[in-house]
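Encoded as structure tokens, the following chain is the form predicted alone, with no partner shown.
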Amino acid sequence: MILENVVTWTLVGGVILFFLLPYIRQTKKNAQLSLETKERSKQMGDDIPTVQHPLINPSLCIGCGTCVRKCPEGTILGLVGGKSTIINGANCKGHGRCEASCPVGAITIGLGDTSKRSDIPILDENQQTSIEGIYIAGELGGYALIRNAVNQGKTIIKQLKPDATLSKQPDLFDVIIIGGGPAGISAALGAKEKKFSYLLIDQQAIGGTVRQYPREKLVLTDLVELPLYGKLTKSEYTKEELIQTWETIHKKFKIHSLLTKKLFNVVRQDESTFDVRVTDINDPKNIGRYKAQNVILALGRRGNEIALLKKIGIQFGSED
């Protein structure tokens, strides 16, 4: 009987080791690869996230790797020392799939400490900048993703309260929206729904930053709802499908827009109004001027937007 038990447990132990040892070797190999990727990213300056990113609580992390597998971007997260860690932070788009998949709530999506970030403007809870009446929606505020851009555009419009007396002036808009991407379209639809006088301005055609994506790039929107239009029917679109959706919305709701105009400056005219100055893409010396009670900057991050914001006088996290 004793001999039989020894044989049985030996066989059981052998089977366990047969499956366990390769798993341990693979786990160690993955950890080493993650560590090497993190070191390469650090050398290239790609280890630090530039916008929203996972904030990992190591005391809660159990090292299951679910977050690593669920990340749509691939090598953003890895397991190092048995804990999830950011290994290629600069490529993080903040999808939030890691947060949703974590079984122990060890991950949240945020911006971290932005007090010393020279590329993140100071915003209040309503997305208002250091200049009262100027708001930022979308990537400029540090939060990526179409879902966030749409929601921020709606949030800003929802709390706007233009002066009714000033609104009677024919040449003064309640709000001017700079940028025809997800945030700008959402804000424009919200303004139309609330019967605000508004103008949407973009230097290209409707679509914003999405137009800069590679052909047939898969865009994650999650399930979002636009004012007047309702919910987008899918959580994933190709670049071309999403642009077609924006163009359909633009045409269907007759969004009041001015295209191929690039923002040059925003200057406070008096306590209640701004002078919004734009240049024609085809004739940069031709400067147009429009007046508004409020301005929403939904420009994305395509070029010199940060320099433009500083030119306007908006304060950033690193400034006293």
Ligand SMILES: Cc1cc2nc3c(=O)[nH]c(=O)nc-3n(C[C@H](O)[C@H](O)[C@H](O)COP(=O)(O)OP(=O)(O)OC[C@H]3O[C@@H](n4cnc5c(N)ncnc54)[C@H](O)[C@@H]3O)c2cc1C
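Owing to the predicted nature of the structure, the values given are computational and were not obtained by experimental measurement. Here the rigid core means the biggest group of C-alpha atoms that line up within 1.5 Å when the two forms are laid on top of each other. The first residue of the shown sequence is 1; numbering continues from there.
What comes next is about the form predicted together with this ligand, which does not appear here.
Visitor: Under a 4.5 Å heavy atom criterion, is residue 298 part of the interface with this ligand in the predicted bound form?
Guide: Contact check for residue 298: yes, within 4.5 Å of this ligand in the predicted bound form.
Visitor: Quick one: does residue 229 come within 4.5 Å of this ligand in the predicted bound form, counting heavy atoms only?
Guide: Outside the cut-off, so no.
Visitor: Would you classify residue 95 as touching this ligand in the predicted bound form, given a 4.5 Å non-hydrogen atom cut-off?
Guide: Answer yes; at least one heavy atom of residue 95 falls within 4.5 Å of this ligand in the predicted bound form.
Visitor: Using 4.5 Å between non-hydrogen atoms, is residue 217 touching this ligand in the predicted bound form?
Guide: Close contact exists here: in the predicted bound form, residue 217 approaches this ligand to within 4.5 Å, heavy atoms only.
Visitor: If we take heavy atoms and a 4.5 Å cut-off, which stretch out of 101-109, 132-140, 163-171, 78-86 is in contact with this ligand in the predicted bound form?
Guide: Within 4.5 Å of the partner lies stretch 132-140.
Visitor: Identify which of 119, 247, 73, 241 has a heavy atom within 4.5 Å of this ligand in the predicted bound form; exactly one of them does.
Guide: The residue from 119, 247, 73, 241 that makes the contact is 73.
Visitor: Quick one: which residues from 252-280 get a non-hydrogen atom within 4.5 Å of this ligand in the predicted bound form?
Guide: If the 4.5 Å heavy-atom criterion is applied to this ligand in the predicted bound form, 252-280 yields 261, 262, 263.
Visitor: Does residue 76 shift between the shown form and the other one by 2 angstroms or more at the C-alpha, the core having been superposed?
Guide: Comparing the forms between the shown form and the other one, which are aligned on their rigid core, residue 76 does shift its C-alpha by 2 Å or more.
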